[in-house]
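Coming up is one lone chain in structure tokens, specifically the form predicted alone.
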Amino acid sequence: MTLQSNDDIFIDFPTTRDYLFFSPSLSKSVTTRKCYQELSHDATNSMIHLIKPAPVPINENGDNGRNAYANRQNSVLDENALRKDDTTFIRDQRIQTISQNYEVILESIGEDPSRQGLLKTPKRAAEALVFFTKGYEQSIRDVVSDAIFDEECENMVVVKGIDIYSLCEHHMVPFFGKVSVGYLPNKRVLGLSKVARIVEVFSRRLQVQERLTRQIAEAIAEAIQPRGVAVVIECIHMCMVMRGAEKVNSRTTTSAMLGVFREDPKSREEFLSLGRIAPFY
């Protein structure tokens, strides 16, 4: 397999203090010297940094191999939780750093962080933000691993009216609402509380509702391989209520249908009937 690219390429050799630089505009490679303190590296592998996007591998038959990866999806269950390994010390450091930045924000909007009502606001806001994003502290596999049971059940399972509170990743303001989740078992069922826990883990991250809906459905599908999974979410987005369009009565509804629910209209209609979300605000 060869690489076809017009990109400039740096190769960082961890066991030496050199960089090797390749450029299409040069007739030969140029070795440069590292001028900063080295960090720890895996000495068995060199790291390749591209100034531009990585070139596409070209196979012997001339195909670029892109199609082979187009349909491959990363496992939702094995997705790393960004703060899963945080110690108490690291968490305290996070809160301290966020607090300092909140103090700067207060000053930037013209407030006085030293006045009585705002003295503890930066720390309170930092602790609240860490709590609002606690979904980064758990992986889905940890949530569901001890709650998958063999069961000869073929009837639809629906858990509805699950409350969600999340932060819009575009404006970092809240959106909240209700979730209905349904699945058709295939000789395995998931503990009912774990359905709500999956919703909680994904919603307590910076999110967009469209992705949140898909992630919940894919996690349940991977965990128990049912015949189908359906998820419907209805939310109020404060970024549309408090700012922007300022449409107070607007609701956003998203759905994800996998397996039988996508293929069979009757199953889909049954779920939509059973999982109908009642007005919540």
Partner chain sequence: MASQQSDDDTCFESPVNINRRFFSSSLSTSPKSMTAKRNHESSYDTVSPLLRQLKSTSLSVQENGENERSVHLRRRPSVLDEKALREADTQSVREQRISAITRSYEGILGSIGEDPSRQGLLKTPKRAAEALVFFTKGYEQTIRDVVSDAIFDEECENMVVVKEIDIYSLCEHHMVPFFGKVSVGYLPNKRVLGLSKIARIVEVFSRRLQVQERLTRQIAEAIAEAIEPRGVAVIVECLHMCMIMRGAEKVNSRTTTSAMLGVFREDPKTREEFLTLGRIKPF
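Positions refer to the first chain, counted from 1. Bear in mind the structure is a predicted one, so any value in this text is a computation, not a measurement.
One more form of this protein, predicted together with its partner chain, exists but is not displayed; see below.
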* Asked: Out of the stretches listed (92-100, 154-162, 187-195, 141-149), which one is close to its partner chain in the model of the complex, meaning heavy atoms within 4.5 Å?
  -> 92-100
* Asked: Would D85 sit within 4.5 Å of its partner chain in the model of the complex, counting heavy atoms only?
  -> no
* Taking 4.5 angstroms as the cut-off for heavy atoms, does D112 touch its partner chain in the model of the complex? -> yes
* Is there a non-hydrogen atom of N80 within 4.5 angstroms of a non-hydrogen atom of its partner chain in the model of the complex? -> no
* Asked: Should L106 be counted as a contact of its partner chain in the model of the complex, where contact means heavy atoms within 4.5 Å?
  -> yes
* **Residues of stretch 123-158 in contact with its partner chain in the model of the complex (4.5 Å, non-hydrogen atom)** => R124, A125, A128, L129, F131, F132, T133, Y136
